[in-house]
Structures are given as structure tokens and as C-alpha cells.
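Given next, in C-alpha cells, is a single chain: the form predicted alone.
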Amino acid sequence: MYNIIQKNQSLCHLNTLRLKSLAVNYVEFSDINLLPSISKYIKEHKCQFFVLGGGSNILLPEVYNGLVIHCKLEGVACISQNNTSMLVRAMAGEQWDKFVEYTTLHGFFGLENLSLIPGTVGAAPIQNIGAYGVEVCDFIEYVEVYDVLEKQFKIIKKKDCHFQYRNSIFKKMPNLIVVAVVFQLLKEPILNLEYVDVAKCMTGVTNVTPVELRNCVIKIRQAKLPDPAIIANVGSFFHNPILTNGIVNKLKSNYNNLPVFRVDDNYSKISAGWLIDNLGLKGYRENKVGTYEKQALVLVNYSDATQTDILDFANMIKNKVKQKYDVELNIEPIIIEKG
């Protein structure tokens, strides 16, 4: 087992922000049967670890002293079905957008609004990814994991995942390694076209198909967000704040153009990107780091930035937003400590 552990592995091209980062210990696994041996290594060496997927939602340190476990599990299969839906099992290492494309083209519907989100299937439930009025938890049946501490495979049902806005139980329990996700997808599409940008894109289109909706979402994302393969970024860098309606109404009275999205009778979500843009920070740059010229919510690594560079820039934005609006911004990507 230990001969597959690589030493001093560069992670620069394994994270979409392309941060300079070195893993003291690194292992890839494409076979779930390796997980007990990896667990044994962690216990014997008393080392910290984290699981790396597509590297699209993490901030890596310059040196990680623990073990980086790179998930390369692949495979998609329909495991059961009834008259209206089917259960589709996707392995954690599958690229998310390729999986969405596969389901759309094969008549497994529901995930179209989540097209072109970077990352892997395994990361989707951890972050509870969402876009254009849909969250992935809407379609998750259960998550298959390996518990490193108990050295056993487990099934975590949807209700036990404690899904919230960009959050889940998996963020609080890093001992659980996601190995596969089972989705309940629809045989007949029920398309979500309510999001403003989607509705605008579909103006004049009748009898919208899932493929057309997917292409619409891709078009919207490409117009607003930079391709990580070309410009180093992790997509949206801050959560959209969810505030009481009283606070939101006060903000709205001062800033008429502030986009507001109702959550329930007590809370609403406001646009973090608008708050930053309204400060004149869209396209703003300091040394190696800046905000994307087309979307203030996206932070860009222009040249060999480190985790510290990114966080210093992010904290500058957070402080300006707090000072201007009295609103706290929370960072969306996971900050990996040194280990």
C-alpha cells in the first residue's frame, strides 16, 4: 500500500485557482477497495487528510503536511426505476458537467439548471451545489461514503445529510469520504424556468426541452463566469447573504436596484455580487489577485497567487462590504489548513 503514496506532489494544476501548493503526501484511488489501506495509513501516521476531487471549490495552502486523497472513481448506472423516476448512481470522481450532460441526453431529468458547474459528483452533496433556482439536494436519494474512523462503508440518506444553503453534514464530518451519489431523476421533465436570466434567455421559445434548458444555462454561465481552464478561479467566491426580511427591506429602501430573492416568510437572499459591484470593485485588481471584469463575485488568480494572497484580497472585500452595508460576507470555497 505505502508504495502508492507519492511524496511532495505539486497540486498547482489540480485546483482551478491554480494556487501554488505542495502535498507532502499524496495518493490517487480509482478502486474503493484501496480505502481500508488508506485509512490504515492515516491511523498509523496520525496524519491529517482531505479528499481532492476537481479542485474547483478549495483554497489550498502553500504546503499541506498531511495526506491528500485524490478521488478518481468513475462510472454511472441506472440501478432501479418506476413509472415516473429512476435511481441513477454516479461515482464520486465523475466530472459533474459530463454527468449532467449524460443524464440530459439519456432521458434522466432534473439537473439541467446545474449545467457547467465545475467539479466532481462527489463534491456536489458536500457543497449542496445550486444554480438558477435548483439545488442538488432536490434530487439526491442517498450518498455512499467510507468512514475513515470506523473503517466501513455507509449509506447516508437524504434526510440525514442535513442539507442547507451551500452546506451539508459532510462539511462537519471530514471522516466521511464520498464514494458515490444516488440521484432520483425524472422520466418526464419538469423544467425550472423561473430564474430571471433563464426566463430572459428562453423568451420566445415554446415547448422548451431539457437540452434547450441546459444549453441556455451554459450560455448564461459562459457569459458571466470565466472558464477555469483559461482564467484561474473557483467561481462564486462568496455566499449570497440570507438575512431577515426586516434587514433586507431596510437595505432595499437605500438601494432600490439590490436583487432580492425570497426564501420564506422570514428570510430573503440578496446578491453578494451586486454588493461588491456597487462598491466599484468589479474588475478591480491588487497585484496577483482581482475580481473578474464581468462578475464581481468571482476572484481571479492572475499570476502565481498563494492562499494568503487570495484571503487577504477577500478580506479586503469583506471589510468594505461590512463598512458600507453592515452585511457580513462568508467565503464559499473550503479553506484547507496546513494539516
Ligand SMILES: Cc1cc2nc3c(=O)[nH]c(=O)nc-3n(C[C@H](O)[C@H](O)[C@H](O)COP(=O)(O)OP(=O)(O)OC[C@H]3O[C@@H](n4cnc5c(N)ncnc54)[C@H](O)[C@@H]3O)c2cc1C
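None of these values were measured; they are calculated from a predicted model. All residue numbers are counted from 1 along the displayed sequence.
The same protein also has a form predicted in complex with this ligand, omitted here; what follows describes it.
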Non-hydrogen atom within 4.5 Å of this ligand in the model of the complex for each of Val248, Gly273 and Leu329: no
With the cut-off set at 4.5 Å between non-hydrogen atoms, does Phe50 touch this ligand in the model of the complex? yes
Check whether Ala131 has any heavy atom within 4.5 Å of a heavy atom of this ligand in the model of the complex, and answer yes or no. yes
With the partner left out here, check for me: in the model of the complex, does some heavy atom of Arg221 sit within 4.5 Å of this ligand? yes
Is Gly290 near this ligand? Define near as a heavy atom within 4.5 Å, in the model of the complex. no
Heavy atom within 4.5 Å of this ligand in the model of the complex, from candidates Asn240, Thr104, Gln127, Ser268, belongs to Gln127
Just to be sure I understand the contacts: of Cys161, Ile177, Ile140, Cys201, which is the one whose heavy atoms reach within 4.5 angstroms of this ligand in the model of the complex? Ile177
Residue stretch of 259 to 267, 117 to 125, 76 to 84, 183 to 191 approaching this ligand in the model of the complex, non-hydrogen atom distance within 4.5 Å: 117 to 125
Do any residues of 50 to 69 have a non-hydrogen atom within 4.5 angstroms of this ligand in the model of the complex? If so, which ones, in sequence order? Phe50, Val51, Leu52, Gly53, Gly54, Gly55, Ser56, Asn57, Ile58
